[in-house]
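What follows is a single chain, given as structure tokens, in the form predicted alone.
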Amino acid sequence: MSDKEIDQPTGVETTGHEWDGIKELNNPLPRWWLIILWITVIWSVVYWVLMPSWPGLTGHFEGVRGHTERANVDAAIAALESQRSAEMQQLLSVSSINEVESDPQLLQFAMNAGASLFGDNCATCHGAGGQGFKGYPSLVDDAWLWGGALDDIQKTLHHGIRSTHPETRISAMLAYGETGAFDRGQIDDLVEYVMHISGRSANQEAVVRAAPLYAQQCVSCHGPEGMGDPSQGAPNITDAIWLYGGERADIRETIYSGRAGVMPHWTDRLTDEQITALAVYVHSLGGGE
């Protein structure tokens, strides 16, 4: 006979647990709940057999069904690339932004693909909106060191700037202070000269002293008026766009230590079609020529 107490009002055996005068009844689980429980148990066993499941020392049980998400992803990517192949091939023949803009469907495709590529590969340095940061160029203004036409942007993406590509674009701001070409007084005078030609207040005596230095060392790249030369990557130093900062301390550091940032080349990472789509997107950010 059971030694469990029987609850008199219900006639159900208790579990022996009691709290604050309330005794727990030993009611059986609902039948529907037990059925669902056993269905899930059986289903889990079937799943373990059919699908990849148990880990091992050198791998895992692959399942008798041979299912693999890697293969599914590869198949999905291949199907997507096949679907996009016509547009991608069309992008290869594009030589100007006008050709893309005249075809709304192609433009929409290039913009969507370019935005995705930009977010994955470019936003880390240039910002999500292409606004740039100190030391990383803005892509939304109209100042382009190597030209802002579609083919110029494509070439920069293909070859990079001071990258490891054999045809990379090369330019360098020399370290006039570190190399001893200018002493600190001459550098300070050149800082005032740059402030002057960029339309800001400057020490006029220093400007006069620096004029011969500028003509000897700086004109070949920045031009006599300081307007720069995009064909050789020389920036305009008369506007308000400063890649490394336009305050006196920034300009002094630039002249003293030089500047030589790197834009990686993307030929080995992206296809020609992807580079064209990315160039179209960058051009659309607002600064393209």
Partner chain sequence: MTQLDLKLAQEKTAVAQAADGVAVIDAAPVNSAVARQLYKKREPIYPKLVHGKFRVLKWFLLFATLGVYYLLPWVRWQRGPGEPDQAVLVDFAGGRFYFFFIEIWPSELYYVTGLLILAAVGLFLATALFGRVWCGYACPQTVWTDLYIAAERLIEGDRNQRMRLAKAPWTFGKVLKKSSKHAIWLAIAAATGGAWVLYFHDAPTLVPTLFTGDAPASAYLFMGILTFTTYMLAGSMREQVCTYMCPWPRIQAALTDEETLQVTYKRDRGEPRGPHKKGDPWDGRGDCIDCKACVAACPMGIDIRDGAQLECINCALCIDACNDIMSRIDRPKGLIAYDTDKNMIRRTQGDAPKVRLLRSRTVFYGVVFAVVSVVMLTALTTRATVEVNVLRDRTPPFVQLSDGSIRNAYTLKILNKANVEREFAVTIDGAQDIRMEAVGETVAANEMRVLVRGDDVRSIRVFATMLGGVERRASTPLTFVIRDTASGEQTDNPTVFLMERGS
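Bear in mind the structure is a predicted one, so any value in this text is a computation, not a measurement. Here, rigid core means the biggest group of C-alpha atoms that superpose within 1.5 Å across both forms. Numbering follows the first chain given and starts at 1.
There is another form of this protein, the form predicted in complex with the partner chain, and it is not shown here; the text below is about that form.
A.B. asks: Quick check: do 161, 261 and 272 each get a heavy atom within 4.5 Å of the partner chain in the model of the complex?
C.D. replies: The answer is no; none of 161, 261 and 272 reaches the partner chain.
A.B. asks: Using the partner position in the model of the complex, report whether residue 239 sits within 4.5 Å of the partner chain, counting heavy atoms only.
C.D. replies: Yes, residue 239 lies within 4.5 Å of the partner chain in the model of the complex.
A.B. asks: How about residue 111: is it within 4.5 Å of the partner chain in the model of the complex, going by heavy atoms?
C.D. replies: Contact check for residue 111: yes, within 4.5 Å of the partner chain in the model of the complex.
A.B. asks: Do residue 206 and the partner chain share at least one heavy atom pair within 4.5 Å in the model of the complex?
C.D. replies: Although the partner chain is absent here, residue 206 would stay clear of it in the model of the complex, with no heavy atoms inside 4.5 Å.
A.B. asks: Is there any non-hydrogen atom of residue 105 lying within 4.5 Å of the partner chain in the model of the complex?
C.D. replies: Yes, residue 105 sits close enough to the partner chain in the model of the complex that at least one of its heavy atoms falls within 4.5 Å.
A.B. asks: Work out which of the listed stretches, 65 to 73, 50 to 58, 239 to 247, 224 to 232, brings a heavy atom within 4.5 angstroms of the partner chain in the model of the complex.
C.D. replies: Contact criterion met by 239 to 247 only.
A.B. asks: Only one of 185, 119, 212, 129 comes within 4.5 Å of the partner chain in the model of the complex by heavy atoms, so just point that one out.
C.D. replies: Checking each option against the partner chain in the model of the complex, the one that comes within 4.5 Å is 129.
A.B. asks: Looking at 152, 192, 141, 87 here, can you tell me which has any non-hydrogen atom within 4.5 angstroms of the partner chain in the model of the complex?
C.D. replies: Residue within 4.5 Å of the partner: 141.
A.B. asks: I want to check residue 271: does it shift between the shown form and the other one by 2 Å or more at the Cα, with the core superposed?
C.D. replies: Superposed on the core, residue 271 moves its C-alpha less than 2 Å between the shown form and the other one.
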